[in-house]
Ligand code: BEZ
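One chain follows as structure tokens, the form predicted on its own.
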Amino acid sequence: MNTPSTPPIFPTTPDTILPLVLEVMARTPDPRLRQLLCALSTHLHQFVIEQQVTEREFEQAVKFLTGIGQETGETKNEVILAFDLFGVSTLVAMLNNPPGHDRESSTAGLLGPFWRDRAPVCQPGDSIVRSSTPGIPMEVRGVVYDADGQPVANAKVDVWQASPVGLYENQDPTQADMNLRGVFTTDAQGGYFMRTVCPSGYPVPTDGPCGELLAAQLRHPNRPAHLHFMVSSPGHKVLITQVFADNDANLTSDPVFGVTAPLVGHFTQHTDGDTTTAQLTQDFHLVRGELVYPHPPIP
């Protein structure tokens, strides 16, 4: 005689779907992945029910997600930009890189969608300007310290920035490949020194779904002027950060929520006759950890 099998359970109301989903997610072997999938499913279902999401709104959400994937390519990463615009990228950076009490220069910042791996290796004092790039000449220098406040020799300082017209070189065919990018090595005293031009504020890409989202919210797309840094040394966690110009009008309205007080640098300018130059002194403090580099958002 055959034993009757348990009859299948089907959802009957909106709130009966989630328990069935969680039952499936709970079978995930990896504990952390199981935890994340169950939590994500719970929040998604709760959001849809609480907000009574319509079919039209769901269709628009799917269109947005599809669009940011389709718009991601060699010149931009629209997916990262979407996380930036919702403040999620800054949130993850803060959660995983809590600043020390007296190590404000170690505050982590956004990687952003424009970091490229294998930037040219530079010597101390080299300029990262590799093609005609009008702008105010600027010298940047500082010292890299470890968690005990000791200088770190042979640390790598990877720097990249937008040009004064507000474009990274991979966005601008008039710029040479790897323009305004370079990797420097600290000396025996932990010091680094480079030359460049003053960065400029720029709009995040607005020719895709993220631009449509900003327009719908009446938000401006303009990021304040900044330099990107990635500082690394064996035995230390890779420090990814940005340093913002302290005179930029958009410091308090960065569309990607990337500006925090410790990341605002002091960009000084001096004029001698017809010549204006700028300086930035920025030290960095590393913390102990595993040396793991991020995956490049673009090639």
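For clarity, every value in this text was computed on a predicted model and none was experimentally measured. Quick note: we count residues from 1 along the sequence shown, nothing fancier.
What follows is about the form predicted together with this ligand, which we do not show.
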property	result
Candidate stretches 149-157, 131-139, 202-210, 185-193 - the one whose heavy atoms come within 4.5 Å of this ligand in the predicted complex	202-210
One residue of L180, V144, L110, A225 in contact with this ligand, assessed in the predicted complex (non-hydrogen atom, 4.5 angstroms)	L110
This ligand contact at F114 in the predicted complex, heavy atom, 4.5 Å	yes
Partner contact for V256 in the predicted complex: this ligand, 4.5 angstroms, heavy atom	yes
Partner contacts for 165-199, taking this ligand in the predicted complex and a 4.5 Å heavy atom cut-off	Y168
